[in-house]
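Listed next as structure tokens is one chain, alone, in the form predicted alone.
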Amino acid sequence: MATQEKPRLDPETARQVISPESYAEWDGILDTFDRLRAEAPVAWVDADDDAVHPPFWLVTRYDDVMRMSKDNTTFLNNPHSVVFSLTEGIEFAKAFSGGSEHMVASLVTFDAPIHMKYRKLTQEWFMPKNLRGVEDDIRAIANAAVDRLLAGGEEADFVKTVSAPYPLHVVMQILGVPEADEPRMLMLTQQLFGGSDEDLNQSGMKDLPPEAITQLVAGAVKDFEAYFAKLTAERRANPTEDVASTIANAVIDGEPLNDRDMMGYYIILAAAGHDTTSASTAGAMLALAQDPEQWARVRADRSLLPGIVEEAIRWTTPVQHFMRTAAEDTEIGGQPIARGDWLMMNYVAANHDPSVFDDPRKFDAARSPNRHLAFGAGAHQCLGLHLARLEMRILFETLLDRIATVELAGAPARSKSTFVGGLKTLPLRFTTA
């Protein structure tokens, strides 16, 4: 491969694109991505003394991220971490796991051929024809969530009362986790994905050092594993019709799943299965609360609802990036990439690419087409995308039936996270229908 000077980010920009605070502040990082798509759409990010990490390529254009997402032969989920981490965190993960850079082994860390074998174990559970069988259950959960919202009077924090507990309850019912254990699942998920945020990691301490955040995440993983080891024993002794029974008794190539892979399967479904939907749901409500006329329009015309759901998923982009490792010498956007290079597919940047999405910062429920990358693409496209859309549609049907008007009752706040982000508070004021 011909030698070519790497377009490198300046130290300030390099720190910004990996900073959890940047994604909490939001507008500034969108400004930066606008500049980078124009100036250096595939840029080399070096470490510095304040943030020691392996260097990587930052990819910000939609077409490049889409191409990488679909090319699972050239761009691998192994051996390097599939989520950005500082060097200290990577070394800790290797010690924790026995050599892998992934603290948890799951669908998002597997490559072919093992990935599809694992995906097929539960794939049918999350297809539309099977989800039709649980629609009534989801609608009952949605009504209970709105009951909880209205019980507090005319003001409430939508995240705490609805958008966090509602998808959690749906996924736990499908997985087979008792309702009494859901608070524990929520706490562990927030520690796993929100380790940098003092309100989500349960520490209450701002600016925790990286080693403390890593310890929090590792503690959450161990707690998840202990919980699901017990559930596995129960489902092997007495199988039921839930997903936990499917995982506990699964066989691949004639062998039961090993403990690490099994625990990872549970964790990815239990954590990612609700946290991302929670973020998109809160994002939709924020957009509607900021635009009372749009709330009134969709109350009168429910055919607008699918567009609101899809646009909320793009506009929010809960999963903000995934990393890939180049399997061979290649190129992206004309930039040579060497075998073994680490690359960040930044979905926030891709989903705000103005060459694909006109006026991308605007919440446009009529946006069509809306081929966003919030669910990924290719073999690793989100397993639960049909469930996420169904949950959001049913919840907003219920909200629109029972709430006449809605507006902000205070300033919302986003979580500090480089990986999975979204609103952590959304104060609302509303009137009932």
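Everything numeric here is computed off the predicted structure, so don't read it as measured data. For every residue, the number given is its place in the sequence shown, counted from 1.
There is another form of the same protein, the form predicted together with a small molecule; it is not shown, and what comes next is about it.
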**Prompt:** Candidate spot Y347, F375 and E391, all three in 4.5 Å heavy atom range of the small molecule in the predicted complex?
**Reply:** yes
**Asked** Since exactly one of I29, I403, C382, A43 fits, which has a heavy atom within 4.5 Å of the small molecule in the predicted complex?
**Response** C382
**Contact assignment for the small molecule in the predicted complex, among A218, M185, I141, I268, heavy atom within 4.5 Å** = I268
**Message:** Quick check for you: of 35 to 43, 362 to 370, 403 to 411, 383 to 391, which stretch puts a non-hydrogen atom within 4.5 Å of the small molecule in the predicted complex?
**Reply:** 383 to 391
**Request:** Spell out, yes or no, whether the shortest heavy atom distance between Y227 and the small molecule in the predicted complex is within 4.5 Å.
**Result:** no
**Asked** Should G283 be classed as touching the small molecule in the predicted complex when contacts are defined as heavy atoms within 4.5 Å?
**Response** no
**Request:** Verify the contact flag for F322: yes if a non-hydrogen atom of it lies within 4.5 Å of a non-hydrogen atom of the small molecule in the predicted complex, no if not.
**Result:** yes
**Asked** Is there a heavy atom of L107 lying 4.5 Å or less from a heavy atom of the small molecule in the predicted complex?
**Response** yes
